[in-house]
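Just one chain is shown here, as structure tokens, and it is the form predicted on its own.
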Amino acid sequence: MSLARLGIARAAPARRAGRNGAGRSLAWLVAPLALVMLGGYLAPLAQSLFGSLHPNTPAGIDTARWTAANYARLADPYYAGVFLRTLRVSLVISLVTAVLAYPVALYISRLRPRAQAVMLLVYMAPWLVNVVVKAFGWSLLLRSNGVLNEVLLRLGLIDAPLHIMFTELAIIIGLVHGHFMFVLLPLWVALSGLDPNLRWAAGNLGARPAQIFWRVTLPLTLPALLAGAIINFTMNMAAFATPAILGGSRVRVVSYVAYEVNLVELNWPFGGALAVALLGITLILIALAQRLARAGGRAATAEAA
């Protein structure tokens, strides 16, 4: 055996030992977060799932009997309507946020670095405010005698105050504002990382600005747009404070109904069924969105080829 091969053979175990040691060190670093997730997320979720399979009694959860009645109750038209409303509002918010965030991210990505930092700070500042404070602020703007109606009445654009509070529109406005950053930031990162030579090459080949956007910029940033939209959608589905303040009891979403069932009616098994069903629907829709995105990406790649 040559000296070179002998050196490689002796160095291989040392490299493996180094990798194993690094892996153990990373495992110790990840362990605290894993314990927090296990205790703060998975354990309550498992408890909700377990409780939802038992009937509720005046004495509490009857763990001696098993039942699927809590899930069968979700087929009631009232609860089915609440789920449909939550899904509809969440999808509309995600779509509106994506449409609004893309041009903003495109504009910011083409500024100088210092100007980008300032603009991002401007857009992030409202996000740093407590969600309840922001929801109450929107209620002051949107109520019948609020700032928006006062301005429109003084300008003569309306004859009577608009009834926006306690409607789906109010929830959409509040959550678009509250979750805007979760779409803007991934898009800004993706657009900032694009090679400007790609746009230059497309223009040099005769593509117009609109064609450059649809054939170059948008396909390359579509994964970031999808990631932001998915994050936005999941947060919309689970939002509570903003729908509770801006929608109230007139426009109930699943999180609000779960609050009433758990903390007002004290029906923990049915509240667990609501939570598990909401999580399941959200995960299924996310999986479908990812599959459609992969299929669209493969079709775009094949068309480009």
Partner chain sequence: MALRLFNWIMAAVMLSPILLIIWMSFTPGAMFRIPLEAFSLRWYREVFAYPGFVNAFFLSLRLAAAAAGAAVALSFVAAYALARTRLRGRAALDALFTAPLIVPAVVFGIAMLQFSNRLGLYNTFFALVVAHVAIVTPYAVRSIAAALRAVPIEMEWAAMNLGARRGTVLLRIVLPLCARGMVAAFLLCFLMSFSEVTVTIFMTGPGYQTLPVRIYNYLTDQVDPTVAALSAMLIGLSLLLALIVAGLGGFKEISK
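Each form is matched to the other, and the largest set of C-alpha atoms that superpose within 1.5 Å is called the rigid core. Positions refer to the first chain, counted from 1. This structure is a prediction, so every number in the text was calculated from the model and none was measured.
Below, we turn to the form predicted together with the partner chain, even though it does not appear here.
Undergrad: Would you mind picking the one in L194, V133, L218, I158 that has a heavy atom within 4.5 Å of the partner chain in the predicted complex?
TA: It is V133 that has a heavy atom within 4.5 Å of the partner.
Undergrad: Have a look at 67-75, 86-94, 138-146, 222-230 and name the one stretch with heavy atoms inside 4.5 Å of the partner chain in the predicted complex.
TA: Answer to the contact question: 138-146.
Undergrad: Tell me, yes or no, whether G60 is in contact with the partner chain in the predicted complex, where a contact means a heavy atom of each within 4.5 Å.
TA: Looking in the predicted complex, residue contacts with the partner chain do not include G60, since no heavy atom lies within 4.5 Å.
Undergrad: Please determine whether G271 contacts the partner chain in the predicted complex, using a 4.5 Å cut-off between heavy atoms.
TA: Result yes; G271 sits at the interface with the partner chain in the predicted complex.
Undergrad: Taking the shortest heavy atom distance, is W214 within 4.5 Å of the partner chain in the predicted complex?
TA: No - in the predicted complex, heavy atoms of W214 and the partner chain never come within 4.5 Å of each other.
Undergrad: Using 4.5 Å between non-hydrogen atoms, is P55 touching the partner chain in the predicted complex?
TA: Flag for P55 set to no.
Undergrad: Are there residues in 117-137 with a heavy atom within 4.5 Å of the partner chain in the predicted complex, and which are they, in order?
TA: M119, L121, V122, Y123, M124, A125, P126, W127, L128, V129, N130, V131, V132, V133, K134, F136, G137 sit within 4.5 Å of the partner.
Undergrad: Determine whether the C-alpha of L263 shifts by 2 Å or more between this form and the one not shown once the rigid core is superposed.
TA: Not so; L263 is displaced by less than 2 Å.
Undergrad: So that I can tell if F240 moves, could you say whether its C-alpha shifts by at least 2 Å between this form and the one not shown after the core superposition?
TA: After core superposition, the C-alpha of F240 moves less than 2 Å between this form and the one not shown.
Undergrad: Core-aligned, is the CA shift for G39 between this form and the one not shown 2 angstroms or more?
TA: It does, since the G39 C-alpha is displaced 2 Å or more between this form and the one not shown after the core fit.
Undergrad: If the CA atoms of S109 and A289 move by 3 Å or more in the predicted complex, do they move toward each other or away, so closer or farther than here?
TA: Closer is correct, given that in the predicted complex the C-alpha spacing of S109 to A289 is reduced by at least 3 Å.
Undergrad: If the C-alpha spacing of P186 and L285 moves by 3 Å or more in the predicted complex, is that a move closer or farther apart?
TA: Closer together, which means the C-alphas of P186 and L285 are at least 3 Å nearer in the predicted complex.
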